[in-house]
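What follows is a single chain, given as C-alpha cells, in the form predicted alone.
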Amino acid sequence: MSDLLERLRGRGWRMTAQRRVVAEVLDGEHVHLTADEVHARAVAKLPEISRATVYNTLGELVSLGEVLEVATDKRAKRYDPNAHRPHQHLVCGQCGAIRDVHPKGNPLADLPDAERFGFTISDVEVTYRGLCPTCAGA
C-alpha cells in the first residue's frame, strides 16, 4: 500500500478537501490511473471538484516528487503514487493494465561500462511488456 497521504502530511502540504480527495484516489498499491480516471473517482467522493483542480493537483504532486508520471506507450499518462520505492512496470500490451514489479538485481549496474558511452547514469526505467491473464485468456 502506498503511504501518499502520510508523506503529504509529513511535508506540511496544505490539505484542502480537493487535494485530500485526489490523494485518497491515488493512494494504494498498483495504482496507475489516468487524470480522467482520477477525476471520475474524485467526483464520486466530492461532486464539486473540477477537472482543472484534479489536473493542477496531479501536476503539483509530480513536481513535489510524490507521484510519478508514467507514460508506457501512446496511451494517456498515468499517475503512480509509489514514488519512493524503486520499481519497474509490467504492462499489458492489449488493455494497458500496469503492475509495479520489483525484480532482483540492479538494472543500473547491469549496463556494462562499454555501453555507457561516457554517460553518468542517474536513473533507469525498465518496462516489461506482455499480456495480462485476462487478455491472454481472451
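Under this definition, the rigid core comprises the largest set of C-alpha atoms superposing within 1.5 Å between the forms. The numbering used is simple: start at 1 and walk along the sequence shown. This one's a predicted model, so the numbers in the text were calculated from it and none came from an experiment.
Beyond what is shown, the protein has a form predicted in complex with the DNA; the following relates to that form.
- Of the candidate stretches 91-99, 74-82, 23-31, 106-114, only 74-82 contains residues with a heavy atom within 4.5 Å of the DNA in the model of the complex.
- With a 4.5 Å cutoff on heavy atoms, T127 does not count as touching the DNA in the model of the complex; it lies far away.
- Although the partner is absent here, R51 sits close enough that one of its heavy atoms falls within 4.5 Å of the DNA in the model of the complex.
- Although the partner is absent from this view, A35 contacts the DNA in the model of the complex, with a non-hydrogen atom inside 4.5 angstroms.
- Residues from 15-38 that approach the DNA in the model of the complex with a non-hydrogen atom closer than or equal to 4.5 Å are M15, T16, Q18, R19, A35, D36, in the order they occur in the chain.
- Annotation for R9: C-alpha shift of 2 angstroms or more between the shown form and the other one, rigid core superposed.
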